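In structure tokens, the next block holds one chain alone, the form predicted alone.
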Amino acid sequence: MLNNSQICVQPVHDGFLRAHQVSLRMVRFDLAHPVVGGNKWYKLQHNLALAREQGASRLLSFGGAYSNHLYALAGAGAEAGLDTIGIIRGELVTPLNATLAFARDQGMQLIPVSRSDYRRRGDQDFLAQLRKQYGPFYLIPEGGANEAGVRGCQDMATELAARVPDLHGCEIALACGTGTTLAGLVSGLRHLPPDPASGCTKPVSAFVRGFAVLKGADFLRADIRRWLARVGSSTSDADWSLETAYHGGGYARVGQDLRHFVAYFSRVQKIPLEPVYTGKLLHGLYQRISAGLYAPGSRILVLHTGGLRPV
């Protein structure tokens, strides 16, 4: 179950930020659940509800050997009493890495497929083959990237509004893999009512900046606009953007500069990071601040969307 009480907002203090007169706070969504932390819980909550409504007893999804999504799905499925199947890109190397070993221990059936078959994961004929072989299932796309995932991430906006009294006028920064979380957050913010207690009678306005962790991720902008349209929100780009120059060489590529930054930040700020998502986001954000892209007095909220391993 989600533990909202564990989510907190931690200020980040260092000489670099003081010199640039930028306020930075970390929103610890990674603490929302001991296993299904960060944005993964929000992506999965509506999917799990829909699976139950449809009478499904089995969930199936896709991912690589180090997939945060499959790790979270295995834990969420076990907690909900649902069977899970993970279609793994490539061979299963034994002994299993910590991600897949955890998924297996949670009861997930791990099915390796060739990379060519994996590319067919959206084809109806391939999905029909999987149903014939493994029985009926509720399908959750790779990364939880579907309309239910977007609607679940709308709730992150509600959480922010409850925890950040000065949300109006802030910039919200988050890492992006599929764009699902960004689309949900943007649409959720647009539907927040004014908060009279804060003295603001206008709807909350906060700019959302996504940092793509994939190389060549410009295609995500069209995906984000499509998700916004699917949930009945304007596709206007006025209150969000996607940065695609801070991928560090590509997904899961971790250079020495990034590795040192993550280690230093985690040690000094006492906030654990991983280098694939939130670490890469922060590294890119500090580069933007250093380049003078933020005016003095800017207020930035960084969303820690998880990815850490408790095992």
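Note that the coordinates shown come from a computational prediction; the quantities given were computed from them, not determined experimentally. Residue numbers here begin at 1 and follow the sequence given.
Below: the form predicted together with a small molecule, not depicted.
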Next item on the list: Spot the stretch among 74 to 82, 131 to 139, 169 to 177, 87 to 95 with residues whose non-hydrogen atoms come within 4.5 Å of the small molecule in the predicted complex.
Entry: 169 to 177
Check: Can any non-hydrogen atom of Lys40 be found within 4.5 angstroms of the small molecule in the predicted complex?
Finding: yes
Next item on the list: Report yes if any heavy atom of Ser61 sits within 4.5 Å of a heavy atom of the small molecule in the predicted complex; otherwise report no.
Entry: no
Margin query: I'd like to know if Phe29 sits close to the small molecule in the predicted complex, meaning any non-hydrogen atom pair within 4.5 angstroms.
Written below: no
Check: Asn68 near the small molecule in the predicted complex, any heavy atom under 4.5 Å?
Finding: yes
